[in-house]
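For this one, two forms of the same chain are given in structure tokens, first as structure 1 and then as structure 2.
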Structure 1
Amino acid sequence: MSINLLTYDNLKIFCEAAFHRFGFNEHDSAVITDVLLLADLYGIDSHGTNRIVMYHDQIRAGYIDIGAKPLIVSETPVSAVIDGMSGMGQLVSKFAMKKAIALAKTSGIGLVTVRNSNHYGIAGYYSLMACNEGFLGISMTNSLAAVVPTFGRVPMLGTNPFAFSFPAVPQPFHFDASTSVVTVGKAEVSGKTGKALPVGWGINADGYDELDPSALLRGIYAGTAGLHPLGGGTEEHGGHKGYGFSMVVEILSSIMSGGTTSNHVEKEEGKSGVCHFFAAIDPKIFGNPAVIQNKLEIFLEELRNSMKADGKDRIYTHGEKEAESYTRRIEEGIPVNEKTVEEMKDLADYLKMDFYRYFPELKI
């Protein structure tokens, strides 16, 4: 399976045009594209350009209401509950994190939980919104059930990612990860590139390891197979901890918002029901923000400079790989696998867009 290097600028223009053809206005198309391409730039290929066809399918299925506007259902000086009104997840989530940041600016902390939304892209986009304001940022979401509980065989939980960002120099501490061994998107990418799944990613309907990505994905969408929680399928390697972390995300997003738990997401015709949670915390409620940040920066440097394992020459702190990938991909291009390019070409044809006008380098 070949890989094509596409420039950030060309991908940005294409994605914005495609979302505009979907029916979004120019501003909203730019916001959605910004979230997707940050994933690509950070090296999170499962949540970037790879997702554009999925969003189109969800719009056609009625899950996403293009014209929806999120509604604040209730509010206190430090919290809010928002109904996403079946809107595009990126638009709902940016609105929600802006609300959390506004609350934090006046009260020191902002906690916002969201119901009735859709897939929102990478969790870290929103935690970084708060971080860029000098705040601690947290972002979580549930999703379509794709993960089996420890000792279970039927998917009951989403991949339920968690992102945490805190200001630091030379780059923020930025942790963004699913509470499952991997995301559904990584299994999709494996299928597109023709790679078998590693042992331990997920199980089939018979309860055994599934190595065929297409079979695993079919089982996930049929509710008969699933990914393992972070730590794997046994307690010996801590799978129960990933299961517990996933439940924390579920409680803060779907339970606290009065929304839909992962096992009921996309089960009602024309409604997704994805739920999110966002937090922005001003460090000044704990002390001098500059002193707190400096203490973190010292610790991060001590981590990077600590003794390396045999054969290893570097210890990364969270956010470094993403920052380096961002710089490299802006300069060299974003790698997009052949299958995703084919999907984008088919979508462009469907939308009556001249695909090769956006990507002349791909014209044969």
Structure 2
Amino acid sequence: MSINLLTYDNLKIFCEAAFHRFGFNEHDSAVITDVLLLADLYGIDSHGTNRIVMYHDQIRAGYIDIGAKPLIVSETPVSAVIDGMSGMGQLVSKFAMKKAIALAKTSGIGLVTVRNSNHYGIAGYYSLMACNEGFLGISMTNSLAAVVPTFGRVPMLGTNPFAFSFPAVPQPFHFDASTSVVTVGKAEVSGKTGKALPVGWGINADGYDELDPSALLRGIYAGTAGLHPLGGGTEEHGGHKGYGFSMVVEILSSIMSGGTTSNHVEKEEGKSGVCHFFAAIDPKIFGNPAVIQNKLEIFLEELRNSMKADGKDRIYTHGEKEAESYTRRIEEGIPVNEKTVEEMKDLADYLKMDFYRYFPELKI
């Protein structure tokens, strides 16, 4: 499959225009685009502009209410519960994390749970919002069920990502990962290579490990097959632990918000019901933030400098790969595969946008 390099600026202008034509105002279109493009810049290709079409489908399916305003259902000095009112996940989530940060500024900590929202893009966008204020940021979301509990065979949990960011130099500690062994997006990418999946990624409707990527994906969308939690399908390698971390995300997001658990997400007409959890914590409540940050930086450096496994020349700390991808892609452009370009072109035609005016680099 051929890969096109698109510039950040052109993608941004196209994306903003597309969301504007979906019906979002200019401000909201810019917010949504910023979340999607950070995923592209960070190298998380499954959560970037290639999802425009998915969001468009969800708007047309009635899951996403374009004009919705999130509602603060209740709040205390350290917490808030927000009803997303079926709004776009990125808009609801930016609103919610802003609330968490505002609470942390006055109380030292802010915990915000959100119900009745939608797919919010990369979890890490929101934890970084807190991090950019000098705070510890945490972000989690449940999602359409795609993961089986240990010893189960039908999806009951979302890939339930967890993100945790804390300020550091040269880049923040930034951990953003699904609590499943892989994301649905990664199984899709593997499907395109034509190779069999590794044992331990997913289980099929017959209750056995599924090695055929397209069969696994079909099963996930049909609700008859699922990915395993982090640790795989056995207790021997700790699958029950990944299942546990997935439950932590589920409890903090859907249970604590009075929302919809993953197994019921997108099961109701006109409502997806996705739930989130956000936390912002001012490190000042534990001591001098500069001293704390310095301690973390020393430890991160010790990790990077420690002895490497055979054949490996580098140990990463979380956030390094993202920071390096960001720099490279701003300079060199964002790789977008042929299929996504075609989808974007079809979307542009549908929206009556002149595709090649946005991407002159793609003109033949």
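Just so we're on the same page, rigid core means the largest C-alpha set that superposes within 1.5 Å between forms. Every residue number counts along structure 1's sequence, beginning with 1. Just so it is clear, the structure is predicted and the values come from calculations on it, not from any experiment.
Of the two copies shown, the first one, structure 1, is the form predicted on its own.
Once both forms are fitted on their core, a CA shift of 2 Å or more is seen for L211 between the two structures.
Remark: with the core as the superposition reference, the CA shift of K94 between the two structures stays below 2 Å. Core-superposed comparison between the two structures: the CA of K186 exceeds or equals a 2 Å shift.
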